[in-house]
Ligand SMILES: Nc1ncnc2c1ncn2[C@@H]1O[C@H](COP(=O)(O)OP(=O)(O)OP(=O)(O)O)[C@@H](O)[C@H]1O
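First, one chain by itself: the form predicted alone, in C-alpha cells.
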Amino acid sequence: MGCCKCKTTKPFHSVKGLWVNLEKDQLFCLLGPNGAGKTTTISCLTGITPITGGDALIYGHSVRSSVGMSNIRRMIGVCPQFDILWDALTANEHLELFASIKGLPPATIKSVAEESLARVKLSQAANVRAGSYSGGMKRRLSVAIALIGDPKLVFLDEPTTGMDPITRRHVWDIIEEAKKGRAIVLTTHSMEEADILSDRIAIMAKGKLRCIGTSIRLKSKFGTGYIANVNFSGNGHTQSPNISSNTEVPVNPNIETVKWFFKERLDVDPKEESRTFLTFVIPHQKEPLLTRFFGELQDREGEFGISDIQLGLTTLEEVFLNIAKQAELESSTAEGTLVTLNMSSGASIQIPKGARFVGIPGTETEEHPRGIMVEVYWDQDDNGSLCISGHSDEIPVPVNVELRRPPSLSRRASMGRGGPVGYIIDPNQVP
C-alpha cells in the first residue's frame, strides 16, 4: 500500500501582460533567456496553445475564436523551434505537401517548391530524404516551409540554430528580403542576429515584457554607457624590466598618459588594456562632457601616439544581461528565499535572495548605535540563477534608514540555518 502527498501551488503565468503591435514591412525580434515565454507567445498566436486571458488580433481575426483562428492559419507561416519534418519525405515532397495545405493552385506547386528550395540552397538535395539532412539543412527546410504560400505574417523561432556562419548569413539575407510586404516575428539567442535583422526588439523575462524599442534606443537606455577604444601606433616604446623573468619587455609610455587623461577628465579607468590599445566604459552621466573631451583627445593624437579612436554604445548582449538580471532580482525578492552571505570578517548571515542593502544584526555599539550594513553584489550562474559575487565594505547604518525583517520571516525564524537573518534596507533610503 502506498500513499502520496498532494501540494497546492500558486498559479504560474508563462506569459502575462504582453502588449505589442506588429507592423508590416518590419521584423520584430523577441529576446529573452530560456523559459522567458518566447515560444509560448508564438504558440498562443499560432493557435497551438490556447490563451487563458486577453486576446490577440491578427489582421482583425481573434486568436480566441475558432473561426478567427481558421482564417489566421491561412495567412501565417511558422518555423517552429524544433523541426517538424518526416524522415521518409524529401525536401521537395515536404514543400509540395505544405503548398497543397496552404491551398496553392496545383499547377504552380512544382515551380513554387523548386523556387523555395533554390532560395535556401537546397536544390541539390531536393530529392534526398530529410532524415539524412544535417541540423542546419533541416532548419533551412523549415524556413522554406514557413515562407511558402506568401504568408502575411511569419513566425521564426530560432531559425538559424545549428547553421554554420556562411549559411547563417545567407539565411539572414533571405529573412531580410522576406519582410517586404509582411510582418516577421523572430526569436533568437544570437544578439548579433537580432542587431542586424531587427527593426524593433523586445526583451522578455519571467513571462513579462521588460522593454521594447530599436536596438540603438535599448542600448542607450539600458546599457552601461559608451565604449571607447584607443589604439596606439606602437612608436615610442621603452624597455622596462620584467621582475618575474629578469628580462626587459617593451612598454608604451603613452598608454599611461592616456589613462591619466581619461581619469583626470572623466574619472574612468580602463576596462581592458594591452601594449597597443585601451578600452574604457564611459557612463551615460558623462555624456555632456564627451564632445569637448574627444575633441581635445583627437587634437592631441600625435602627442599621445594614438593611431585610432573608436566610440560606440555598449552591446545588445549587455542590455540583455542587464534586463535578465533585473528580472531575476525582482522575482527572487518577491519569493523571499534566504541565502547565506559570508562576510569578509568571517561571520555569516542569512539574507533574502536579491536584496541589495542589508543590515547586520548584533553589530550595534556605542559608536554605531544602529549597527552596520553592506551592499551586496549579485551575479548570475550558468543557469541564470542569482548568486552572491561579493559585498561592499561595512558602513554604519544611517539614522534615517528603516531596518525591517523579510516579510515572509516570522519572529521565531530570526535565526536561520546559516546564522542570523539580516535586515532589509530600502535602496531609496540609502544616500
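Note that the structure is a prediction, hence the values are computed from the model and not measured. Just count from 1 along the sequence shown to find any residue number.
Here the subject shifts to the form predicted together with this ligand, a form of this protein not shown in this document.
- Using a 4.5 Å cut-off to this ligand in the predicted complex, each of F12, A36 and E158 places a heavy atom inside that distance.
- Considering this ligand in the predicted complex, the lone stretch of 36 to 44, 62 to 70, 370 to 378, 389 to 397 in range is 36 to 44 [heavy atom distance within 4.5 Å].
- Although the partner is absent here, Q81 lies within 4.5 Å of this ligand in the predicted complex, judged by heavy atoms.
- Taking non-hydrogen atoms only, H170 never approaches this ligand to within 4.5 angstroms in the predicted complex.
- Mapping the unseen interface onto this chain, K138 falls outside it, with no heavy atom inside 4.5 Å of this ligand in the predicted complex.
- This ligand is not drawn, but in the predicted complex it has no heavy atom within 4.5 Å of K286.
- The contact with this ligand in the predicted complex, taken as any heavy atom within 4.5 Å, belongs to H189 out of K325, R129, R356, H189.
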